[in-house]
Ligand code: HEC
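First, one chain by itself in C-alpha cells, the form predicted on its own.
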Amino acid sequence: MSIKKIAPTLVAVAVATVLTACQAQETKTGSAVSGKSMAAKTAQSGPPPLAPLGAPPIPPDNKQTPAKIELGKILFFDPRLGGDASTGCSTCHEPDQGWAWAEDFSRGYPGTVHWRNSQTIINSAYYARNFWAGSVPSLEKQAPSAAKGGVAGNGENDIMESRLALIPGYRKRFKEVFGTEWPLIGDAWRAIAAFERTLVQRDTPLDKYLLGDKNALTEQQVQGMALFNGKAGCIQCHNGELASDQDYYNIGVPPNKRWEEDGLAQVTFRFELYAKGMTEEGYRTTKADPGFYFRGKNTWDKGKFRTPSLRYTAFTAPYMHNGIFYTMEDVVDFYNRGGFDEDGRTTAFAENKSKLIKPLGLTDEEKENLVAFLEAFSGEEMLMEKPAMPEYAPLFTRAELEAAQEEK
C-alpha cells in the first residue's frame, strides 16, 4: 500500500477517535439528552444572554386548533383521567398554586405521597424534555406518564378510555377534533398537551425590558441583573429565553428531612428506587434522590437535575426538586454559601457536585438586589376557572338492552 493511501486512512481513524471521545463526554454530562452538541458548547464564548420569550414550539404531528385546546382544557381538570377518578392533572397542578402544588412534595394518589416537588405547567411547552430528571421527550409523553404513575394518577389505559366512552360530551368532542367514533386515550394526551402549550407567559417585566422598555425594571432590579450576569453567576445555567440551559447538574441540594420523619414518604421513596431499576445495594443504601442517574445508570449522574426555568417562579414556591426551600431568599442564600443549607448540609452525592457551585460572597444588599431581579421573571398571576365536567350517560337504555336480549 502506498503512503498516499495510508495517510487518508490514518486521518479517518484519528477523526473517528476524536468524535467518539466527544460523544462519550457528551453523554456523561447529559448534553446529549438535552439536545445540545459538544461542538456548539465549544464554539460559543459564553452562555447565551437572557432573551425575550418567543412563541412556543408546536409539533407538526399535533397542531393546535381551538376545539382541541378546549377539549384538552376540560381533560386537564377532569379527575376521571386517573385510577379511581379522584386524581387528574390539576390535582398536582392547581392554577392558584402556580399551576403546581405549594408543598415540598406534590400530592400523591390516595394512600400515597409523591416524592418530588410539583413543577409548574406554565411555559412547560418550551422544554425539550419534561420532569425533573428528563424522563420524557414531550408534553404528549408527560401527560400519560403522570396519569399512570404509581404515586401520581395510577390510571390504566383501558379503564380511562372506557370512562371517556361513557360520556356523550366527550364522544362528540373527540369525534369533532380527531374524527374517531370513540374517544382514544392517546388522543386525550394530545389534547391535554395542546392545552398546556397555551399556558405561556411572555409579558413579564424582564421581557418588556429586553424588548426595549427600559422603565420595565426598577433601578434595584437592574443592579440585580448585573449580579445575575456577573458576580452571582446565575447566567451560567439560567440563560436564553427560557432562563434555563435545560442541562442537568448536581448543585448540592441536600435531601429533604421529611424522608427521615414521614413513613409514607419513605415507602414512596423506596418504591420509586425499585420501580426505576435501582440495584439491590442501591435500593437498600441510597438516602437521596439519584435524579438524572435513572436515565443511563451512570454513577457520575447521581444527584443531577434539570435546570428549571426562572420564569413564573414568583408563584411556584417551594423550590428545588424536593421542595426544600420555601422562599427565593432561601435559594439565594443556598447558592451564596456554595451549595449548603443553613445547617451546613449539601448533596448526598458530593462527588458529583458541580464545579460551578462555590461561595459567591454576596453582601446582604446584593442578595436583596438579586432577589428583586428574580421577581422580574414573573408577570401577573395566571388564574383560570375550572370548566364544567361533562356528565356520564348510559350507552343504551334498559328497554334497548331487553330488546337486544330478546333477539338472541
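From a predicted model like this one, the values you see are computed outputs, not experimental measurements. All residue numbers refer to positions in the sequence shown, first residue = 1.
If you look for the form predicted together with this ligand, you will not find it shown, but the lines that follow are about it.
Heavy atom contact within 4.5 Å of this ligand in the predicted bound form, the stretch among 166-174, 213-221, 262-270, 236-244: Stretch with heavy atoms near the partner: 236-244.
So which of F178, W132, Y209, W300 gets a non-hydrogen atom within 4.5 Å of this ligand in the predicted bound form? Going through each option in turn, the one that passes is W132.
So, L53, I74 and A191: all three within 4.5 Å of this ligand in the predicted bound form by heavy atoms, or not? Checking in the predicted bound form: none of L53, I74 and A191 is within 4.5 Å of this ligand.
Answer for P183 alone: is it within 4.5 Å of this ligand in the predicted bound form, judged on heavy atom distances? Output for P183 is no: heavy atoms all beyond 4.5 Å of this ligand.
Wondering, does F315 line up within 4.5 Å of this ligand in the predicted bound form on heavy atoms? F315 lies outside the contact set for this ligand.
In the predicted bound form, R80 touching this ligand (heavy atom, 4.5 Å): Judged by the heavy-atom cut-off of 4.5 Å, R80 is well away from this ligand in the predicted bound form.
Would you please decide whether T307 lies within 4.5 angstroms of this ligand in the predicted bound form, comparing each non-hydrogen atom pair? Flag for T307 set to yes.
So which residues in 105-128, when you check this ligand in the predicted bound form, have a heavy atom no farther than 4.5 Å from it? Going through 105-128 in order - heavy atoms within 4.5 Å of this ligand in the predicted bound form - the hits are S106, R107, G108, Y109, H114, R116, N117, S118, Q119, T120, I121, S124, Y127.
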